[in-house]
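A single chain, nothing else alongside it, follows as structure tokens in the form predicted alone.
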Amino acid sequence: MPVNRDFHRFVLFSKSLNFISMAKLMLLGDEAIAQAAIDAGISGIYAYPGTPSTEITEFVINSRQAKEGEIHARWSVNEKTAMEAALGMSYAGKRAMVCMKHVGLNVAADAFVNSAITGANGGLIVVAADDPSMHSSQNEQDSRFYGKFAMLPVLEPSNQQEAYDMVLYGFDLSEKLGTPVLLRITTRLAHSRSGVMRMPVRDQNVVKLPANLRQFILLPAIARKQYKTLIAKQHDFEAMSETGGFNQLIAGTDQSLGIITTGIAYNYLMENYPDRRVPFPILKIGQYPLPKSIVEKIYTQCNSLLILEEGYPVVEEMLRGFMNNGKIIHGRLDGTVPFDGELNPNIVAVALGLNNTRGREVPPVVVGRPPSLCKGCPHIYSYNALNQALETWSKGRVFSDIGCYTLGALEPFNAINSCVDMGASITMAKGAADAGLNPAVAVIGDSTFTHSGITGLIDCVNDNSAVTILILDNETTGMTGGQESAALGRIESICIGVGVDPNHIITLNPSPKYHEENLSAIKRELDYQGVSVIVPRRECIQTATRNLKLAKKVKAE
């Protein structure tokens, strides 16, 4: 396999220096990416919190090294604004990283796809953290499709050290080829920990505008030229994929089967062979587009192929497209590997014809614990009042959003009837009201409101829709651990600013003491035939507890 020897000599040299000057760090995958971005000389990181990507930005925000380097590190109002801000920093010649979970890439897609056509000036890496098995997500979409759709290079690490190395390599690739780079990780890599050896810290770039000041102006006449440039770069992208060193063909003695595996799926394969000696040839993919010449080698050598990849059958579909010469290809598409859910070592074992342990029963002592709202959570009292206020109406008229309060769908509340995407509560309630469902209620959190709810509220105001909107304000981004909320202290001002009648902007204290008062207010607004906003406001019980402990500690000192 061709190897970029200069790059690898640099890696080995760097690691020899680090062995002397730096201890190996034990880092989450997210933290490895964050530390690598700092060491690579980023000037800014932009993100909206979303599991499993949140810890990347949190690490930079809390890093003393980042503070000393004056790296811009604050939460953005949503993924689209984060992507656009990072693109602006790249325009100015500095290195930037933007982070999001996989469904956040849907929000950022307009800017992301178009950034492939503008290209990058300073290095730009987009991190998308996918969530196979939907541990905390609405779907398990595969961000590699976005990379292929946008025609951008994609990197996919198999461990924490590779995640670190790929970030530095990704910035080099971005600046060398003038393109954004997508770094795709998954939940298990993001939230598992391993030793990581650092490289020497690089200086930040100085401000340097693009040589072509029309590069980022996507008027059709300019965009057509830029698009041709992007197409012309595909050869370079593939050449770098062939020589970058992250796609590795490992020889095997038994050529009845060849295995192509990607990212963390490589680890699930190796866990079935404790001695690390797999008898079959392996092609380990870490960089896209697929390196066709290396794929051709394993395809030619082996009688059949098994594709092991976390997520959708991206490689499998591409392989069937340009290498469909009659050989048997096993994977998700033929059922050898389940089409949905995370991979694990046992699923790989079954695909290889090894022992099946999936049938083991869960011991009776292990009892399932469904998620629930925290004891004392203000949302509990908001739902209690809303449920009672709606008792005289038929069920099925409360549209919710994504956050802790989505747990209102479960027992004992059974309070909400939808959860589709960020901001959908208000617009779905509007559509239902337009259809004649009255009252129609939206429930949205404070952070989600500024993320994606304001535009829907403007639609409601423009049509004077009969919608009652509860903005549950716990003064933080609670679901992902208590990050700063862009809505803090300004919800009422925003609502007035977009045209909601101040007489129908009601602030409540969601606690048992004020239940009757809150119930009366909600009933009154449900009867109003126009746009009504109710803001139950009380600090998240978790952040309140943490802040109280911190205050006591400061006082004691």
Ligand SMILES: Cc1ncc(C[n+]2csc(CCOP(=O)(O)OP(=O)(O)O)c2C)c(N)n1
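Just so we're clear, the structure is a prediction, and the values are computed from it rather than from any experiment. Just count from 1 along the sequence shown to find any residue number.
There is another form of this protein, the form predicted in complex with this ligand, and it is not shown here; the text below is about that form.
Okay, which stretch from 239 to 247, 96 to 104, 347 to 355, 143 to 151 lines this ligand in the model of the complex, with non-hydrogen atoms inside 4.5 Å?
Stretch 96 to 104 is the one.
Any chance G123 has a heavy atom within 4.5 Å of this ligand in the model of the complex?
Contact check for G123: no, nothing within 4.5 Å of this ligand in the model of the complex.
Verify the contact flag for R184: yes if a non-hydrogen atom of it lies within 4.5 Å of a non-hydrogen atom of this ligand in the model of the complex, no if not.
No, R184 stays farther than 4.5 Å from this ligand in the model of the complex.
Within a 4.5 Å heavy atom cut-off, is S194 in contact with this ligand in the model of the complex?
Heavy-atom contact with this ligand at 4.5 Å: absent for S194.
Taking this ligand as it sits in the model of the complex, is E310 near enough to touch it, meaning that at least one heavy atom pair lies within 4.5 angstroms?
E310: no contact with this ligand in the model of the complex.
Identify, from the list I117, C404, L437, M323, the residue with a heavy atom within 4.5 Å of this ligand in the model of the complex.
That would be C404.
L386, M422, V398, I264 - the one with a heavy atom within 4.5 Å of this ligand in the model of the complex:
Residue within 4.5 Å of the partner: M422.
Can you name the residues of 442 to 469 that have a non-hydrogen atom within 4.5 angstroms of this ligand in the model of the complex?
Residues within 4.5 Å: G445, D446, S447, T448, H451.
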